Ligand code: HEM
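One chain follows as structure tokens, the form predicted alone.
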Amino acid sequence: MQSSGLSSIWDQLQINDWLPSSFLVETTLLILLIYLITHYGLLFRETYTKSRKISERVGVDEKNRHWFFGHLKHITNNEEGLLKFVELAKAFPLMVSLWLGPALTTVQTYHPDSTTALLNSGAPKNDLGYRFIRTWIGDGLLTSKGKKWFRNRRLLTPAFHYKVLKPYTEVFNKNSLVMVNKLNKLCDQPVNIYTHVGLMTLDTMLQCAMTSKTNCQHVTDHPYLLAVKEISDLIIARVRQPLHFFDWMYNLSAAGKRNKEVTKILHEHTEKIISERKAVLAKTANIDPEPSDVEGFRKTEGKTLDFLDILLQCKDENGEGLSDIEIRDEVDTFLFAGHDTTSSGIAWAMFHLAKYPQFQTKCREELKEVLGNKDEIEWSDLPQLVYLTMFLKESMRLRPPVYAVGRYLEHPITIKDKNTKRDTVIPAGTNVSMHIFTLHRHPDFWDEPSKFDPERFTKENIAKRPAFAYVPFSAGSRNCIGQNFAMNEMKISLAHVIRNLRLYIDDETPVPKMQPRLILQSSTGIFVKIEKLERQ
């Protein structure tokens, strides 16, 4: 009896102890819930009110705006969505407010009057899409801002000096011919050239940036290439899912967890390359290095000065170099920007060569006249390839690898409409994008915008257009630092293809469908057919 009484008392004490604890937990959770609802409710209201005011200033397509998804259901992430954007420019010729959900909007510019004001403002990249790519490329030149961007841009400028770029022509020639020899074995069948071009540009970037010898052109399932494609898909999917804008929600999702796994693969690849170069430098620390052609930098015996050499040696006015994290960020940025965007440009140009045989023939005739019987394209040949350059520019007009860029206004900008004489002030704190794809097809500046015509880029025709009507590498202070590198690689690669192969398409060739990922790709692949040519 006594034992039973003690047990009853003990049970009662446990119940009494549990009740206050449970009440405290429930009360805490309720307070937290009220706080979150209030916090995000106020944030939603503030963002929505600001977005409404901006939309009233610049114009908005209310007819196709969904109450929750905004315009994301109308401007879809495919070729149809891109072409709808071009149609939208007919109703809103200067700019338009694009809603990315129930509360958030971004101002889209695609007219020289509006893009000029944006690009001359020096505004940094915004955090809409670029925030999501930072987990991969960190705070490199593409995403950094303020003093850090200005310092690092200045430190990296020597990496794109013509004396550094000139020796890369040897790499461009060699790797282009490797790709051509591969394609020679795939004649008379539809070939998805994007894979082959992607491997070639990756091989080129690894050699030019890090003098890293690889065999990746012969490995179709290269892990870095696969990881780049997957991280691109993950980032674009996140941009188009409003709930995943919240980091904590995205990190708990399956996509967020996979993002971390793929990012780890990419970072380990870069860190391995950097580690190997540091080991080489450590071994040769006591050996007098050779002076390079670029003042202030030295190269290791037996190799040319490359991008990684400059990252490891550059110093600012205070004698401070880049940290290990900064070096990794810049290498990741360079590998992504120099490999993925260039492969897009080359692949789409090869498709245009196949689709328009009359222009392919003109390019081939020019190459024969300029190069004669030479096997390789030399640095001095590049300025003479006038028609090939015009063809390439027209290809990037219709299918620009970078189809849009985003900015965040730290200061207000005034957009002047030269036709109506109306000024529109876009306030600080606004996300503004330049939709390059639409700009390059704007009917006010391009006759028959969808027609492929390299003659648009004669000196006479260029002079008739505003400077910012064509900006495949952006423009202003934050233009692409590697545009000369990219143009040289694309011209040399295309020259070797044109001299050795005839590209064509027929009824058996799948039709490519443009798809905006991190860069402009095709959801169905980019297929052509190939015929081997005998060089005369």
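Residue positions are given as counts along the sequence shown, with the first one as 1. Quantities reported herein were computed from a predicted structural model and do not represent experimental measurements.
Below, we turn to the form predicted together with protoporphyrin IX containing FE (HEM), even though it does not appear here.
Asker: Taking the pose of protoporphyrin IX containing FE (HEM) in the predicted bound form and superposing the surrounding C-alphas, is this site open or blocked by backbone or C-beta atoms within 2.4 Å of 3 or more ligand atoms?
Answerer: After superposition, protoporphyrin IX containing FE (HEM) sits free of the main chain and C-betas, so open.
Asker: Out of Met350, Met205, Val107, Leu439, which one falls within 4.5 Å of protoporphyrin IX containing FE (HEM) in the predicted bound form, going by heavy atoms?
Answerer: Partner contact (heavy atom, 4.5 Å) among the options: Met205.
Asker: Would you kindly say which of Arg465, His269, Lys355, Arg153 lies with a heavy atom within 4.5 Å of protoporphyrin IX containing FE (HEM) in the predicted bound form?
Answerer: Checked against the cut-off, the match is Arg153.
Asker: Does the 4.5 Å heavy atom contact test between Tyr194 and protoporphyrin IX containing FE (HEM) in the predicted bound form come out positive?
Answerer: Result no; Tyr194 lies far from protoporphyrin IX containing FE (HEM) in the predicted bound form.
Asker: Can you work out whether Gly70 and protoporphyrin IX containing FE (HEM) are in contact in the predicted bound form, taking contact to mean some heavy atom pair no more than 4.5 Å apart?
Answerer: No - in the predicted bound form, heavy atoms of Gly70 and protoporphyrin IX containing FE (HEM) never come within 4.5 Å of each other.
Asker: Residue-level question: is Asn175 within 4.5 Å of protoporphyrin IX containing FE (HEM) in the predicted bound form, judged on heavy atoms?
Answerer: The answer is no: Asn175 has no heavy atom within 4.5 Å of protoporphyrin IX containing FE (HEM).
Asker: Would you please decide whether Tyr470 lies within 4.5 angstroms of protoporphyrin IX containing FE (HEM) in the predicted bound form, comparing each non-hydrogen atom pair?
Answerer: No, Tyr470 stays farther than 4.5 Å from protoporphyrin IX containing FE (HEM) in the predicted bound form.
Asker: Only one of these stretches, 229 to 237, 457 to 465, 356 to 364, 334 to 342, has heavy atoms within 4.5 Å of protoporphyrin IX containing FE (HEM) in the predicted bound form; which one is it?
Answerer: Selected range: 334 to 342.
Asker: Looking at protoporphyrin IX containing FE (HEM) in the predicted bound form, do all three of Thr49, Phe245 and Tyr408 come within 4.5 Å of it through at least one heavy atom?
Answerer: The answer is no: none of the three residues contacts the partner (heavy atom, 4.5 Å cut-off).
Asker: Scan 380 to 401 and note down the residues that get a heavy atom within 4.5 Å of protoporphyrin IX containing FE (HEM) in the predicted bound form; none is a fine answer too.
Answerer: If the 4.5 Å heavy-atom criterion is applied to protoporphyrin IX containing FE (HEM) in the predicted bound form, 380 to 401 yields Met396, Pro401.
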